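Below, in structure tokens: the form predicted alone, a single chain.
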Amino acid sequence: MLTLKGRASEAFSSFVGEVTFAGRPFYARSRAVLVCEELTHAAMGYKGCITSGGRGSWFHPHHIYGVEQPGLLHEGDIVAMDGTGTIEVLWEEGSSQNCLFLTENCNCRCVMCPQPPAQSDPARFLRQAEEVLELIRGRSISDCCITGGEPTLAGKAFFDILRRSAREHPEALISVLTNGRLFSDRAFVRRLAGIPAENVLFCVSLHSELDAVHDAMAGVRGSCAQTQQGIYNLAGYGFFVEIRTVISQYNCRYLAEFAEHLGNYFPFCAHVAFMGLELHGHAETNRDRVEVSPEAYAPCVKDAVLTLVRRGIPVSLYNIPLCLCPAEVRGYARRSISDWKNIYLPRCRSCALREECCGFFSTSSALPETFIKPFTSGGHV
């Protein structure tokens, strides 16, 4: 998530508030965070304050000052602030990429995970998610993603937050990013009863139909069977399921066969996404084991995508720049990288298709620069 830093006026506990530049009437300030250049008496009554200048002539106990680029914030954003001077954007107004982050814990140890699991107290994340839902209640939103770590590990809180999100925002697509393992337990999946299924999409990570391949990528023996059973159980309760597959050395050469498997055994899936690597976290540590060059994966990706197209299963390519996609499947590439960590190379400035391209992860430790070839109106430069 987008994070800004400054200096806190004094030590204070983390809290969540809604950003305003325009200001609010005094009676509507208790949940708002004022963003301005200098602090004055106009800050009275606000939950918190963010300034680009110094401490100012007025004191506020929840004030972070000396913040660079406060213009990255927007009216209506929801932020978390704490006494270390850290400001985290939990919800970006007008964005279609907002998430409710429930936990850093995970029951897999994926070798290509860009955000390695961590043992932490989930109470803070759950409290923040609940406060975000309270602040966006009544807003018209298009998308909301529930994620982690593995969000299902939050147990009852996961079901409560999913239920509230789906019921309070029936017009929005509520996506759940999960490895699906816990849904292999029928008692667990039955707890979904009563949650509206019409606007909920479970995005389940399945990297191969071969136990040895998927389990090696997920870092847990037996996870392939659990995930596939979880997909069947979710579908049995009427939920839409998207299958997400990260492309790596482990599964690259088997992608076409995997696509055939999906067509044969999961023809009901709402969507399939083949995803490029983000070389960060475990993926960076295990780069020699997971990274695969565009030249090697291109023909495999093409065969897999066209296999699903022939089966009538919606399919997309995520995190793969257009010039690295085979021409036959370029139309299935999507702008998929979150805005706050999305970058382009200097040579991409001249590309005729830049506005349609996903670009790169700013968090990746290495980019496939030698393979990048900007487009002109007539083809590659």
Partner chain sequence: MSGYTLLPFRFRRTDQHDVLMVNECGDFLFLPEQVFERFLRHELPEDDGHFFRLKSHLFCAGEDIEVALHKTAARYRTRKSFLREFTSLHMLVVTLRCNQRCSYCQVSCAGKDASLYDMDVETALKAVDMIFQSPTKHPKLEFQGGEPLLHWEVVTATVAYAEKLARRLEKKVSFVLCTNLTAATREQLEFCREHNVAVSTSLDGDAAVHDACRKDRLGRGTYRVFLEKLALARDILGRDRVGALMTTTAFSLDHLRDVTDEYLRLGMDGIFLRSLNPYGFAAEEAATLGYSMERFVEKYLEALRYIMELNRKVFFPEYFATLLFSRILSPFATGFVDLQSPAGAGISGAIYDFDGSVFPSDEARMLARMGDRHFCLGNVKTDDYREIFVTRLKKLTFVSCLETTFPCAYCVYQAYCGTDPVRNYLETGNEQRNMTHAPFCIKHKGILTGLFDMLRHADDTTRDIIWSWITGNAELVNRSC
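Positions refer to the first chain, counted from 1. No experiment lies behind these values; they were computed from the predicted model shown.
Keep in mind the form predicted in complex with the partner chain is missing from the figure; the text below concerns it.
Inset, instruction - Give a yes or no for S120: in the predicted bound form, does one of its heavy atoms lie within 4.5 Å of a heavy atom belonging to the partner chain? - result: No.
Inset, instruction - Would you check, heavy atoms only and a 4.5 Å threshold, whether E88 touches the partner chain in the predicted bound form? - result: The answer is no: E88 has no heavy atom within 4.5 Å of the partner chain.
Inset, instruction - Although the partner chain is absent from this view, report whether T285 comes within 4.5 Å of it in the predicted bound form, heavy atoms only. - result: Because no heavy atom of T285 falls inside 4.5 Å of the partner chain in the predicted bound form, the answer is no.
Inset, instruction - Find out whether any non-hydrogen atom of R311 is located within 4.5 angstroms of the partner chain in the predicted bound form, and reply yes or no. - result: So R311 counts as contacting the partner chain.
Inset, instruction - Choose from 250 to 258, 96 to 104, 289 to 297, 143 to 151 the stretch whose residues reach within 4.5 Å of the partner chain in the predicted bound form, heavy atoms counted. - result: Comparing against the partner chain in the predicted bound form, the contact stretch is 250 to 258.
Inset, instruction - With the partner chain left out of view, choose which of R190, K156, R139, R221 has a non-hydrogen atom within 4.5 angstroms of it in the predicted bound form. - result: Looking at R190, K156, R139, R221 one by one, just R221 meets the 4.5 Å heavy-atom criterion.
Inset, instruction - Answer with one of Q228, Q128, N179, S175: the residue that has a non-hydrogen atom within 4.5 Å of the partner chain in the predicted bound form. - result: Result of the distance check: Q228.
Inset, instruction - Check, residue by residue, if R24, P61 and E134 all come within 4.5 Å of the partner chain in the predicted bound form, counting heavy atoms only. - result: Looking in the predicted bound form, the three residues R24, P61 and E134 all stay beyond 4.5 Å of the partner chain (heavy atoms).
Inset, instruction - Pull the contact list for 261 to 281: residues with a heavy atom within 4.5 Å of the partner chain in the predicted bound form, in sequence order. - result: Contacts from 261 to 281: H261, G263, N264, Y265, F266, P267.
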